[in-house]
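To begin, one chain is listed below as structure tokens, in the form predicted alone.
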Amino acid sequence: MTSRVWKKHAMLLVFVLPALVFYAAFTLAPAFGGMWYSLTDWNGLNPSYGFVGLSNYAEAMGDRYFLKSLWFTVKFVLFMLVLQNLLAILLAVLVESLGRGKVWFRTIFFMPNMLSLIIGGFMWMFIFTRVFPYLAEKTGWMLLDQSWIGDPRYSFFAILALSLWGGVGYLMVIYIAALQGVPKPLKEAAAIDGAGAFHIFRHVTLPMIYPALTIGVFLTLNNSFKVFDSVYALTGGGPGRTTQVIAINIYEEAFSFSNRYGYASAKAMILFGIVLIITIIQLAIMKRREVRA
């Protein structure tokens, strides 16, 4: 390596080093620490703890509350995966088809992403407990007059509505950027050949924005598996743990019930493994489809 190349790499390292130090201190170190603590019986308070090996993992696999929260999280991820990306694409297409008002609509749909979902949760709790009953009384639409927070049959859909409200706008911006990169001559040529709007989108636009779809699915999977704030703010995992997601189960195990920090770390490592495996499979499949498209 020549002196000039070495100096160039050294200069790049100097610029990257502050961010790398913070990343190592606040992300890598806690992650590796969590791996170690998952093999111990540490309660998060005492300086001493014992090594228990894989017993925390074995216990987690037989923990019915953890398994129920895992199933609820998987159900939530599946709904979010379909609905969030579908709505984001539809909004992106509709906004891009507008004339002068497209900038305002982009801002309006993106604004919920700028708010904390904790705040959004309180806003939607007011809507579910005050606004919907009032509208049901005034309009006679008794479907709105339900116990959206306290009834397990409806609380899942309340969480879903809050999460979609908070996340669709971000994906919409990604899809808008992808749509703007689709060459207009391709769509015009398809229209001249007699293709309708749906067929143009299906056979021209969609294959061209497939890389953005890969990113959208990736973000939805990761964010939905790690969902915490929207569920915690709206239902707290209730009623009776019926809406408890994995992140809340881990949080309660570590900080609320028995302060079993090592056991909670084992659950967190299981969640990490699930997300890692699913993400690798998703990226491998969709990257292959990108090439074909």
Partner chain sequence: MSMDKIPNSDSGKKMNRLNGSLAMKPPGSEGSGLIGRRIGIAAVWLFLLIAALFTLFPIYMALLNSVKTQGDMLTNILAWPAVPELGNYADAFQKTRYLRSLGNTFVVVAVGLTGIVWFSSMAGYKLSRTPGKLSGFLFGLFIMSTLIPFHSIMITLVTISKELRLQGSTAGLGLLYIGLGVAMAIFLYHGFVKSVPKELDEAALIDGCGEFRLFFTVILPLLMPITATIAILNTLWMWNDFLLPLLVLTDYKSYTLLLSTNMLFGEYNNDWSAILASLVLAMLPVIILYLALQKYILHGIAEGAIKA
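Between two forms, the rigid core is defined as the largest C-alpha subset superposing within 1.5 Å. Positions refer to the first chain, counted from 1. Just so you know, these numbers come straight off a predicted model, no measurement behind them.
Separately, the form predicted in complex with its partner chain exists; it is not shown, and the next lines address it.
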Exercise. If you check in the predicted complex, is Phe255 within 4.5 Å of its partner chain, heavy atoms only?
Worked result: yes
Exercise. Though only this chain appears here, would Val16 touch its partner chain in the predicted complex if you measure heavy atom gaps against 4.5 Å?
Worked result: yes
Exercise. Is there a non-hydrogen atom of Val231 within 4.5 angstroms of a non-hydrogen atom of its partner chain in the predicted complex?
Worked result: no
Exercise. Applying a 4.5 Å heavy atom distance criterion, does Leu221 contact its partner chain in the predicted complex?
Worked result: no
Exercise. If we check its partner chain in the predicted complex, which of the residues in 116-139 reach within 4.5 angstroms of it by a non-hydrogen atom?
Worked result: Ser116, Ile118, Ile119, Phe122, Met123, Trp124, Met125, Phe126, Ile127, Thr129, Arg130, Val131, Tyr134, Leu135
Exercise. Cα of Ile281 displaced 2 Å or more between the shown form and the other one, core superposed?
Worked result: no
